[in-house]
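Only one chain comes next, encoded as structure tokens, the form predicted on its own.
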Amino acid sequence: MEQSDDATGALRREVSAWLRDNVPGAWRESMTGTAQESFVELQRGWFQKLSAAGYATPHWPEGWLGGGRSLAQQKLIFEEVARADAPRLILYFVALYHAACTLLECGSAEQQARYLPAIQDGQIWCQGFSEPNAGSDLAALRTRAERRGDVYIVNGQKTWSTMAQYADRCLLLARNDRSGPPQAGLTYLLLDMHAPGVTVRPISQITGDDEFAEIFFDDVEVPVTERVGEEGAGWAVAQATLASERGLTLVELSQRMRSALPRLADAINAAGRGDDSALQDDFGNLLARVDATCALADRYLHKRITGEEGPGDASIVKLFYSRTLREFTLLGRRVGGFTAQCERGFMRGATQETGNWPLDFMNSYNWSIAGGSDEVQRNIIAERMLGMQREPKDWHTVERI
């Protein structure tokens, strides 16, 4: 049941007041060019505050701290956190969304009882899906999980794993069978990142940050009790993980993009281009696209909660968001002119709308790849929504007319 207008207004005032008193002051400035350890300290402190207040897990079921919120309440909290320009919980993103949603939908009662309280207490998770030769084509992954009695022996490599160097646990998708279709031979495991044989190497990015990491597995033992779902059914479990990213996450990100529009407007005025009619047109078009992105994300989340989600619905939102974000940051880069191209420095834990336009523009490409590249999303829309013929693997031999 949705709240009355009075109750909604009261909740908004409550959240807004709490954020005014608790959002770390000048956190953006403190994260510019700083060491990774300082970023981790900021994230831990901010998570502890949000979690204690119940605002870190409004999407969890009733019975958990802050859980049981309606869709409207969740959206309201995301809106207020975005408006307050609070830090994104990048260090805890996988734990709060991917891990929690996967465990709630597919995990055993014992796994839920063990890990969900730990996540609320600050346990950090990473995701082990992508590999050097299996990024967008997840079914092509090669990391092996060989069953030996009560354990799986894992060997292989994962890459582009967010904050894996600080993670306690890993959502690991590995291959246990090569005899059948690629999707049918995958198993989903909960791996201890401190287990013998696990090596993590941070990846230095063009922005100067090292948000991502590679993970190497050398005869790592994972108990069978740490398997989610049945052996060989990991593909279906992985879809639950990815769905969590394309639902609530895109609602939050789209609201943050909307809240960053005044920052872009201020940049236009500061550059003395407030009367530039061409720039006004571009800003107006961007404003409409941002509003459309928010509406698409809201509608998708509603359809997912009510069980009305159709094939390709998530891909439309993901694709539209990544393209709009690119236009947003590109317009910011244009506003800054030549001097903006020469800005230096980076910001730990930056979102894609910081006002450091070269950095923002480079970071915007993350969302053209993460969670499935734009090309993959277009294929899903074409094949699953529009019913277009699947592209043959030997397309280069197909006769052209």
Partner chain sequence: MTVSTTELRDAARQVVDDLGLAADEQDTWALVAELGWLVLEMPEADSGLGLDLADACALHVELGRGLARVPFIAALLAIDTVVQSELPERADLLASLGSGDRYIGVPLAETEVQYVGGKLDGVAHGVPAADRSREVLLWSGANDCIALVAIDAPGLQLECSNTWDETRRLFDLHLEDVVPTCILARGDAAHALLRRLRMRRDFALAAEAVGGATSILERTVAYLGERQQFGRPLAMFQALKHRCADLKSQVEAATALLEAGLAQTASAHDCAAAERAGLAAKLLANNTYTHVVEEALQLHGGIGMTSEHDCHLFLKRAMLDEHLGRGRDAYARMLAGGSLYDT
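Positions refer to the first chain, counted from 1. Remember, it's a predicted structure, so these values are computed and weren't measured experimentally.
Not on display, but discussed next: the form predicted in complex with the partner chain.
Contact check for Glu14: every heavy atom lies farther than 4.5 Å from the partner chain in the predicted bound form. Residue contact check for Leu287: one or more of its heavy atoms lie within 4.5 Å of the partner chain in the predicted bound form.
The shortest heavy atom separation between Ala10 and the partner chain in the predicted bound form exceeds 4.5 Å. Asp291 belongs to the set of residues with a heavy atom inside 4.5 Å of the partner chain in the predicted bound form. Screening Cys106, Ala243, Ala233, Ile268 for any heavy atom within 4.5 Å of the partner chain in the predicted bound form leaves a single hit, Ile268. Scanning Arg114, Arg147, Arg299, Arg144 against the partner chain in the predicted bound form with a 4.5 Å heavy atom cut-off leaves one residue, Arg299. Heavy atoms within 4.5 Å of the partner chain in the predicted bound form belong, among the stretches 179 to 187, 80 to 88, 115 to 123, 315 to 323, to residues of 315 to 323.
Along 265 to 287, a non-hydrogen atom within 4.5 Å of the partner chain in the predicted bound form is carried by Ala265, Ile268, Asn269, Gly272, Gly274, Asp275, Ser277, Gln280, Asp281, Phe283, Gly284, Asn285, Leu287, in order along the sequence.
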